[in-house]
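Given as structure tokens, the chain that follows is alone and in the form predicted on its own.
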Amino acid sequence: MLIQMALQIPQSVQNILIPGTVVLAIAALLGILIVIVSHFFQLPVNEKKDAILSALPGANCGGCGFAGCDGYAQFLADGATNTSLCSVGGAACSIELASILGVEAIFTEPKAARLLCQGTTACTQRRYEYLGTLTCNAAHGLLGGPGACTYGCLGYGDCMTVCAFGAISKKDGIIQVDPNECTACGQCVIMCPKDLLQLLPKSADVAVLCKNGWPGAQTKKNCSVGCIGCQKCAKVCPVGAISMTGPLAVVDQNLCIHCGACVPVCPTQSIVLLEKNI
């Protein structure tokens, strides 16, 4: 009966129907084969890693030292116990990770990036008119940039482009970091060609917002708020928290007792109370 019915189908239809049936049959066989292969060769589900990933914020900022949250999750799933590496998630994230791993949570002091420069357009000037690519890295490659202070912030905002949290803005020719929005991921620190961004404890009260390496007389010529290396701040510090790196004063935040005695004696106001810069 089937043969008789097949013979009654026009040849032109048979030429389409038979190959189509063969293709469908092959596709069905391949589908069955894929199901069988995937069943026997599927990767085991790492439930611990999945739980860790769900606890992480998913920012993929790289602040933990890994390429993204997946890398940090794998690190912990493989047996590591340092739950403090996610600066974005902070203490709450560390506690949740510790609960998943069955270990004690590790905490680090919250930090924020700070710009060690106050060289706004009102405090310094330009040496030349820069007409190149408007990025800090490009401008820095041309004699250190157009600014009179070759140690100062160029203000083109390379750090802004890598900040995933909108914590950096520009004002008066330099960038500004909002410590309340900063998650201390450190991407801006890596990006700055002049090494002007530094992660400081959010509890820090005082810092020298300058990184120049010139003698005092040359600094005065190029920036009115630059550190001139007078050492007055170091002399009045009751705990020796301020030392000199060449002509530049540096505050050791681990030793600082937040007394503020150093601030009023600075003749150029390069050492400041950080609250005034938030």
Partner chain sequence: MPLRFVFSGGVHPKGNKNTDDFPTTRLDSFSSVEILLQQHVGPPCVCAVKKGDHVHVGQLIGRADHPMAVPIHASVSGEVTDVRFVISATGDPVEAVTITSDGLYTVDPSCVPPVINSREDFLHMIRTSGLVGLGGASFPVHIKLNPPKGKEPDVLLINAAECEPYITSDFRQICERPDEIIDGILAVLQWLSIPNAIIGIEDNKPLGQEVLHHEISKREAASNTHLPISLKSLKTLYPQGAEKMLIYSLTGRKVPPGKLPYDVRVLVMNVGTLRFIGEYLKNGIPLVRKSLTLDGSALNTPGNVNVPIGARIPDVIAAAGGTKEEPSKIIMGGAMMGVSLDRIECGIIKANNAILVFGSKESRIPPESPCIHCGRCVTACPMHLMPTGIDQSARRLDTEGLAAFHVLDCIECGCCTYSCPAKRYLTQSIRNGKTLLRIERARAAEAEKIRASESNQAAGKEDRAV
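Numbering follows the first chain given and starts at 1. Keep in mind that what you see is a predicted model, and the values were worked out from it rather than measured.
We do not show the form predicted together with its partner chain, though everything after this point is about it.
Engineer: Out of Thr81, Ser99, Ser169, Asn180, which one falls within 4.5 Å of its partner chain in the predicted bound form, going by heavy atoms?
Structural biologist: Of Thr81, Ser99, Ser169, Asn180, the residue with a heavy atom within 4.5 Å of its partner chain in the predicted bound form is Thr81.
Engineer: Only one of Ala122, Ala92, Ala164, Ile190 comes within 4.5 Å of its partner chain in the predicted bound form by heavy atoms, so just point that one out.
Structural biologist: Partner contact (heavy atom, 4.5 Å) among the options: Ile190.
Engineer: Okay, which stretch from 225-233, 27-35, 46-54, 209-217 lines its partner chain in the predicted bound form, with non-hydrogen atoms inside 4.5 Å?
Structural biologist: Within 4.5 Å of the partner lies stretch 209-217.
Engineer: Wondering, does Ala138 line up within 4.5 Å of its partner chain in the predicted bound form on heavy atoms?
Structural biologist: Because a heavy atom of Ala138 falls inside 4.5 Å of its partner chain in the predicted bound form, the answer is yes.
Engineer: Considering non-hydrogen atoms and a 4.5 Å limit, does its partner chain approach Val88 in the predicted bound form?
Structural biologist: No, Val88 is distant from the partner.
Engineer: My question is simply whether Gly246 lines the interface with its partner chain in the predicted bound form - judged by any non-hydrogen atom within 4.5 Å.
Structural biologist: Gly246: no contact with its partner chain in the predicted bound form.
Engineer: Would you classify Cys64 as touching its partner chain in the predicted bound form, given a 4.5 Å non-hydrogen atom cut-off?
Structural biologist: Yes, contact at 4.5 Å.
Engineer: Counting only heavy atoms, which residues in 114-146 are within 4.5 Å of its partner chain in the predicted bound form?
Structural biologist: Stretch hits, in order: Arg127, Tyr128, Tyr130, Leu131, Gly132, Thr133, Thr135, Asn137, Ala138, His140, Leu142, Leu143, Gly144.
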